[in-house]
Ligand SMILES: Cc1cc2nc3c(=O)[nH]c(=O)nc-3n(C[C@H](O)[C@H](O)[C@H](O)COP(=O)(O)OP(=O)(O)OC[C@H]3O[C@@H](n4cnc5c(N)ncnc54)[C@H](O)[C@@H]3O)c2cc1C
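Single chain ahead, written as structure tokens, the form predicted on its own.
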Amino acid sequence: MDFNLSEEQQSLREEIIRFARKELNEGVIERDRAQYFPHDLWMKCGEMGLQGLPVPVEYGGSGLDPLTTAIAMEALGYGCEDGGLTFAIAAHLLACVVPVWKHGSEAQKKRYLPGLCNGGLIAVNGITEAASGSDVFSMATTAMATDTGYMLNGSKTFSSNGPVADLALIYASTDAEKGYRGGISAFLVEKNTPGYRSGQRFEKMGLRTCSIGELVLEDVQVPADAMLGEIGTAAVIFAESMAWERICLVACHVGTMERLLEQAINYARTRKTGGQPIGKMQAISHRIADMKIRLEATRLLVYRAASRLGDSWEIDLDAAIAKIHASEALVKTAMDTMQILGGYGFMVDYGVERVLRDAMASTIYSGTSEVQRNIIGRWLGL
């Protein structure tokens, strides 16, 4: 399978890298320290079309195929040193925009997609609850039918973009007896809807420029046409969005790993001990060689999975393999880079410690490594 980039893909990659380096990196240390979401940079990313990469042009997107979308996200991860901003864009696009594009009514698409794609609207995915964790469909949030639509009650936690979101994609139980097999539905809730509010905002170890918090729903009345897709189909909607997220979000990790590799190589070539560059020492050169192997293996897994999005019945397996490999490879590469840079790697100004903090979350979000191994095990008949 040939994954050489076309001229258009290469041009897009270079354009995103130039944009990210020029517009997104200044002040990242200060933003990370202050846990500040850069709304101005979000808008610049919207002007670049990053929040709507695969969405059809007629709805305000760029109309890219899944593989080209992954290549674009990889370029963003390579060029942008603000891991929180990159993650915020990915969470918005893959867990929220893609479901609206794939399952929204024509009215919903026309109402929301243009703003979601150009940066005018920020979206949050509301599925995780405090008592459910990885068992996302064991939810207490309910949607009761009313004369005019549905009444939503409950709360969500660890909701990325929650404190700054204009639109929430809320998963709620519409039939407790059916559970996730036909008993969960999805709803689009605008931020000014009475009874809906952003709750506690959390302070976290990494990805600090991506705001995260609770979503609270108290007798939130929504019309019937706020439902995304059909009643009871949210499990399918969520599974599809997770395939996109597990593949295209970790494409960002590929770009970050390549940036770390280059940083380690440059340091190993210039840092001397005993009169020679440390890269001449096998302890260093072998560690960097392993970083290169992980990078290329991860890229191939991500590209293969992205090329099969929408076409393969095994996409959940492909996505799980790509996600677990990429996330664990990112953590190891960040740790190796810090070890190679030594004391400098531990210092804030060099950026490696921030990447390592950001990377630690990658084995948790979008399904923990344990969840991914469970998925793989089931596909193997275990």
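Counting begins at 1, following the sequence as shown. Predicted model only: the values in this text are computed from it and were never measured.
Missing here is the form predicted together with the named molecule; even so, the following discussion is about that form.
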Only one of 255-263, 72-80, 159-167, 180-188 sits within 4.5 Å of the named molecule in the predicted bound form by heavy atom distance, namely 159-167
Interface check vs the named molecule in the predicted bound form: of A143, A88, A251, I127, the one with a heavy atom inside 4.5 Å is I127
Contact with the named molecule in the predicted bound form, heavy atom within 4.5 Å, among I212, C117, A306, V220 goes to I212
Margin query: Can you tell me whether E370 touches the named molecule? I mean in the predicted bound form, with a 4.5 angstroms heavy atom cut-off.
Written below: yes
| query | Looking at the partner-bound form in the predicted bound form, is Y365 within 4.5 Å of the named molecule by any heavy atom? | reply | yes
Contact label in the predicted bound form: V98 to the named molecule, heavy atom within 4.5 Å: no
_Check N374 for me: does it contact the named molecule in the predicted bound form (non-hydrogen atoms, 4.5 angstroms)?_
yes
Contacts from 250-277 to the named molecule in the predicted bound form (any heavy atom within 4.5 Å), listed N to C, are none
